[in-house]
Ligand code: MEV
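Take a look at this single chain, the form predicted on its own, given in structure tokens.
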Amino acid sequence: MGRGSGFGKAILFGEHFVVHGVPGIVSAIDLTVDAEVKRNGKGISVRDERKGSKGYTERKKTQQQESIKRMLETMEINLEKISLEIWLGGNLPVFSGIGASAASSVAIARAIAEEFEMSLPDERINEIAYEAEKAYAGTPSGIDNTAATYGGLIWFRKNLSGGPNTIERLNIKEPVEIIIGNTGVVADTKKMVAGVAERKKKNPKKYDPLFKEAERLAFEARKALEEQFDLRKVGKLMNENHRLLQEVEVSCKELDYLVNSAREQGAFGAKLTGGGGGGCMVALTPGKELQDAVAATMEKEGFKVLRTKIGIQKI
């Protein structure tokens, strides 16, 4: 039996913009998808015991099957000659926006590699997971699977020419508390990514300046995190990033509601995280007291909330 794990994530800066070559900042969180794989029976069966948003597993089932097929083809494993039983679990909930699909792709790739006695470095696991992510996102940036594979806080830039992506580990003074609030709306990442690309192509006069602004924010945020450790400034930049995401039409009323709620309760900054159209938001809440206060307000209204940190190195 092969086993593997992949990290969940929170994108702090750059979702959607990273697909088009704008740099982004992503942090793995201390929650994982765990997978077990063994050769047995006929065909490929998946037992998904992850907890999370109602309807998520059912909505993603077809994409999950395609992702596993892509994964096996990339690993050069003959689909006609194997049979696999795949189990998925772990403590990362299946919420849209926190990298659940990428985490599962990394976990399954690692488990398959172990079952077939392949000694694969993280770089190769990341490549395999990226191919699997195409089933969920259409044209993924690669930022989700990179965080799921390596952990930590990462500066990411997609190479639009087909060469290696820029992946740099960022180091900050200390881990910082965040909350991730789930709208409960299961989002279609592939649809959201395609929608931004289509609107950008049709209306470059509007979209090109927004993408330039997103790039500026990413560089300012990196400096604020690494050099200055100015969390107030990071929060302000997160707020600006959310405004840009509203401009490119990937937010929704549920996300905006939670973002505003977090800010009203004292969060340094808040924005949607991930593909948008539902899913999750992230709020910067340094210190456990502020983290609990922001989270408790959302939980009283029935929303699911994760308390975690950014800047945690690989566990």
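Sequential numbering from 1, following the sequence displayed. Bear in mind that the values here come from a model prediction, so they are computed numbers and not experimental data.
Here the subject shifts to the form predicted together with the named molecule, a form of this protein not shown in this document.
> Closest heavy atom of residue 294 to the named molecule in the predicted bound form, within 4.5 Å or not?
Replying inline: Residue 294: no, not in contact with the named molecule in the predicted bound form.
> So in the predicted bound form, does residue 19 come within 4.5 Å of the named molecule, heavy atom to heavy atom?
Replying inline: Within the cut-off, so yes.
> Does residue 25 reach the named molecule in the predicted bound form if we count a contact as any heavy atom within 4.5 Å?
Replying inline: Close contact is absent here: in the predicted bound form, residue 25 is far from the named molecule, nothing within 4.5 Å, heavy atoms only.
> Any chance residue 189 has a heavy atom within 4.5 Å of the named molecule in the predicted bound form?
Replying inline: Result yes; residue 189 sits at the interface with the named molecule in the predicted bound form.
> Where, among 285-293, 269-277, 62-70, 253-261, do residues come within 4.5 Å of the named molecule in the predicted bound form by heavy atom distance?
Replying inline: In the other structure, the partner sits against 269-277.
> Here the chain is shown alone; which of 151, 235, 142, 90 has a heavy atom within 4.5 Å of the named molecule in the predicted bound form?
Replying inline: Only one option qualifies, and that one is 142.
> Pick from 244, 86, 193, 217: which residue has any heavy atom within 4.5 angstroms of the named molecule in the predicted bound form?
Replying inline: Contact residue from the list: 193.
> Across 241-262, which residues bring a heavy atom to within 4.5 Å of the named molecule in the predicted bound form?
Replying inline: Result: empty, none.
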